[in-house]
Ligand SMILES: C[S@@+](CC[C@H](N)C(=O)[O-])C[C@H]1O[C@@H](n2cnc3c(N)ncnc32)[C@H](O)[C@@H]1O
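One chain comes next, on its own, written out as structure tokens in the form predicted on its own.
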């Protein structure tokens, strides 16, 4: 169901389209995607940017870095482009895509310096957990895209999902260093740019688990076999 507030994003303006990346499966040409970016510009990736509060605020705070956002819901892509333009942000490229396929096919090896996965859809019912994004296969593909020293931030109010993500990352031996050792995670730490979903969850009194991992210099092993999901009929992402 499309809410009344989201209906206006069914039509994308030419100006909004300047922040939307091209569809396809071919690897991205980052120089063409971000012309004029300096050689020291970090590439930051948000997987599932929701309504765009986080990526637009972070990109505004780091105007010399490059930002790529992935979101399955095309209305949210247009809404976030609108928000970025309203905030004077031009260093963002937004993609309407299935996240695993995008990471696997389109991100060049060792290209990403920061990764943010904030409140991914937890699919909390036991029978639905196979739909969760943060599988070992996805995290291995993400490891191929992450440059040495890349930091990965994950947050979830579903603690079991955060622990599952931590377990899957730990099962990739030598690829990720835990910055929150020895516990491996932290709860309810202050965040600089909370998303709409994060604010709502905190207002509800929910406790939030955070992970912070750093990519080592070890080469990633061979990718796992992965079959593209059939997303027809699935609801949009509920990430924040």
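Everything numeric here is computed off the predicted structure, so don't read it as measured data. Residue numbers count along the first chain shown, from 1.
This next part talks about the form predicted in complex with this ligand, which is not shown.
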Each of 141, 176 and 220 near this ligand in the predicted bound form, meaning some heavy atom within 4.5 Å? no
For the chain shown here without its partner, which stretch in 167-175, 189-197, 26-34, 211-219 has non-hydrogen atoms within 4.5 angstroms of this ligand in the predicted bound form? 189-197
Since only the chain is shown here, I'm wondering whether residue 87 would be in contact with this ligand in the predicted bound form (any heavy atom pair within 4.5 Å). no
Using 4.5 Å between non-hydrogen atoms, is residue 160 touching this ligand in the predicted bound form? no
In the predicted bound form, does residue 118 come within 4.5 Å of this ligand, counting heavy atoms only? yes
Should residue 107 be classed as touching this ligand in the predicted bound form when contacts are defined as heavy atoms within 4.5 Å? no
Give me the residue from 99, 94, 112, 154 that has a heavy atom within 4.5 Å of this ligand in the predicted bound form. 99
Of the residues spanning 34-57, the ones with some heavy atom within 4.5 Å of this ligand in the predicted bound form are 46, 48, 49, 50
